[in-house]
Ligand SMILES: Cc1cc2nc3c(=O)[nH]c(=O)nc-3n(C[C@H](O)[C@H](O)[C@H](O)COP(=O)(O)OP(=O)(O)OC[C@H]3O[C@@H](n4cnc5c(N)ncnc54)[C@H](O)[C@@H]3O)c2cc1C
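This document starts with one chain, in the form predicted on its own, laid out as structure tokens.
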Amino acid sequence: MTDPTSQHGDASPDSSPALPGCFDDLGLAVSTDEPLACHTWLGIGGAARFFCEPVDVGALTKIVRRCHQLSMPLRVIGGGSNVLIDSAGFDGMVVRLTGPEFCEIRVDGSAILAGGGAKLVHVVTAAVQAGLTGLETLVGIPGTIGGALVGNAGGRAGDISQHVREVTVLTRTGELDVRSGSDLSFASRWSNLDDTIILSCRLELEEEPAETLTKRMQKQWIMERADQPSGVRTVAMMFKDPPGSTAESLISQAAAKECAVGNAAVVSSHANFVVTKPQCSSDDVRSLLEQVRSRVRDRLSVDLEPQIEVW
């Protein structure tokens, strides 16, 4: 369960704090002290100083440009399955792309056009129903299409970058940019889109009977579910798989499956997942991640890269 769903574009910090009403003149619905725990799978962490769900690209552009003027950090939160919010919260603007313009999914011949806020599972389903193959192996990955592109979501059968032809983004200064070809770079769980806000993309696919694809997607879903903890919501994948191995196997070999800190613990049956209990703090999770990472490094000489993004 990788969820590279938190697009972000942090502005450089500034010594001058933003005034409480610094977004009032934009005519947008901006809230303050928005609890972020409810927007993440781990269910922990503090509040966002400012929070907005812009209705369209125009509104989002206003927010991004104002944050840039104020040198205020800005993050986009998607499905929230790989995000750890600090207990002190996030001292900046957090945006969710939930408006219809950001969640649109259209079939255009052999291509899928999807908004950055569209849920990946909805994009996969739309492709399968249209008889277009290439995305069905991504069905078990949570989050949005924007997050999937930023983190180049994928699995055993390949990743999303194989099908990306064009991506429309908003830069951290609020400029619209369309990227394709050599402007796009992807690697394992990485892309050069991590400093942008993804507005939409075009994915080129191949035709195949919808019935065949549906069966393949269902099989993939069953396999993905078997690889993930069931019956709990407050979980997150801890580390990325290193080349030639899996984080889960390394954690098991290093005898780190039983690690626990406070109210955070490794899921013993799925060793690359952390689960939080009531009263768990962000510090509990951070300390657990470091404990597991240190044990793998000390015993196996492998330095695992975190999958969880800490805000």
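Keep in mind it's a predicted model, so treat the numbers as computed, not measured. In this text, residue numbers run from 1 along the sequence as written.
Below: the form predicted in complex with the named molecule, not depicted.
*Asks:* Of these, 104-112, 125-133, 205-213, 192-200, which stretch puts a heavy atom within 4.5 angstroms of the named molecule in the model of the complex?
*Replies:* Correct option: 192-200.
*Asks:* Exactly one of I141, M93, M217, V164 has a non-hydrogen atom within 4.5 Å of the named molecule in the model of the complex; which residue is it?
*Replies:* Filtering the options by heavy-atom distance leaves I141.
*Asks:* I'd like to know whether F51 contacts the named molecule in the model of the complex, with contact meaning heavy atoms within 4.5 angstroms.
*Replies:* Taking the distances in the model of the complex, the answer for F51 is no, it never comes within 4.5 Å of the named molecule.
*Asks:* Verify the contact flag for G174: yes if a non-hydrogen atom of it lies within 4.5 Å of a non-hydrogen atom of the named molecule in the model of the complex, no if not.
*Replies:* Taking the distances in the model of the complex, the answer for G174 is no, it never comes within 4.5 Å of the named molecule.
*Asks:* Is the gap between G154 and the named molecule in the model of the complex 4.5 Å or less for some heavy atom pair?
*Replies:* Taking the distances in the model of the complex, the answer for G154 is yes, it comes within 4.5 Å of the named molecule.
*Asks:* Decide whether M72 counts as a contact residue for the named molecule in the model of the complex under a heavy atom distance cut-off of 4.5 Å.
*Replies:* Heavy-atom contact with the named molecule at 4.5 Å: absent for M72.
*Asks:* Residue by residue through 65-82, which ones have a non-hydrogen atom no more than 4.5 angstroms from the named molecule in the model of the complex?
*Replies:* Those in contact are V76, I77, G78, G79, G80, S81, N82.
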